[in-house]
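Listed next as structure tokens is one chain, alone, in the form predicted alone.
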């Protein structure tokens, strides 16, 4: 197990390096000058040159990347062009808020998705299977930002049960696990959980159905095992693949929530990334994308290790 873990970590290092290069280059090749947002229209050529030199934009791209990645390794992501504040501080706060939202959505999505998937796979080709499949397809197909707006209209505007936006009365900096703050989390978490519920349910349904059609299941019944014992073996065989799907969905929950955070004005990484794009804030944009991408990479590393712990056959691949 230790050798497998070391090998997976060694695989991650070049991937992380490639991610950093792609994050840097994608932002650099985007059209427009990031300094136009903060420089006055009548700025002289000398003032523009001084501003570019202050942010290191006057150097060749390889030199800019070397300086940027060197500062990243030391924990310095630079300063935001729009606000002048350290990027690391803003990204850290936003990622913490997104983790809170992603964790809440995963607590809703994964148990429901697993239950529906196992239920449909166990009762395959029945009315229960068709109902779960319809729910899963609807969850994947409905635009989550539209669903968020509908939930706001119903539960905030019409019924007045839940707040429509924000991260609590005192903001995200003053978060507490009490009803006063958690009620701000319900609508965005439910909205964000809908798509993973559909994906996990459909994947697990197909997986469990295929496992039940295998010969070893009939052998287990022939040995006199009860349906519950057979189901336990099926669940163990499906666990590794289901865990992989949930790991990918966890990355989606953290990095794919730009529209949800915008609809609910949730101060997370997606909302920060959206503002950085519109403001053409290069350092903030690079830092946010890099942190989200690296989170996705390391989340997959953790999933790989957990899969190997569940299924020993994976360690031999």
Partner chain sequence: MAATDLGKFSATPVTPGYWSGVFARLSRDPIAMLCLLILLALILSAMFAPYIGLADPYKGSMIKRLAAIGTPGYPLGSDEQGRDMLARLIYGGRLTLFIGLVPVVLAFFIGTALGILAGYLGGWVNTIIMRTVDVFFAFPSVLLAIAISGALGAGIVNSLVSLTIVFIPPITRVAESVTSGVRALDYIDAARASGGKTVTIIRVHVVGNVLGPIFVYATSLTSVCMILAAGLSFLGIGVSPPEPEWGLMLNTLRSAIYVNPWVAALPGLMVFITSLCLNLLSDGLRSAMNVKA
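Residue numbers count along the first chain shown, from 1. It should be emphasised that the depicted structure is a prediction, and the values quoted were computed from it without experimental measurement.
The next section is about a form of this same protein that is not shown, the form predicted together with the partner chain.
- With the partner chain omitted here, the record of contacts in the predicted complex names 134 to 142 of 94 to 102, 134 to 142, 112 to 120, 224 to 232, defined by a heavy atom within 4.5 Å.
- Although the partner is absent here, residue 153 sits close enough that one of its heavy atoms falls within 4.5 Å of the partner chain in the predicted complex.
- With a 4.5 Å cutoff on heavy atoms, residue 129 does not count as touching the partner chain in the predicted complex; it lies far away.
- Heavy atoms of residue 184 never reach within 4.5 Å of the partner chain in the predicted complex, leaving it off the interface.
- Contact annotation for residue 26: at least one heavy atom lies within 4.5 Å of the partner chain in the predicted complex.
- The three marked residues, 107, 212 and 247, fail to reach the partner chain in the predicted complex, with no heavy atom of any inside 4.5 Å.
- Only one of 164, 83, 237, 71 comes within 4.5 Å of the partner chain in the predicted complex through a heavy atom, and that residue is 164.
- Contacts between 280 to 309 and the partner chain, taken as any heavy atom within 4.5 Å in the predicted complex, involve 280, 285, 289, 292, 293, 296, 297.
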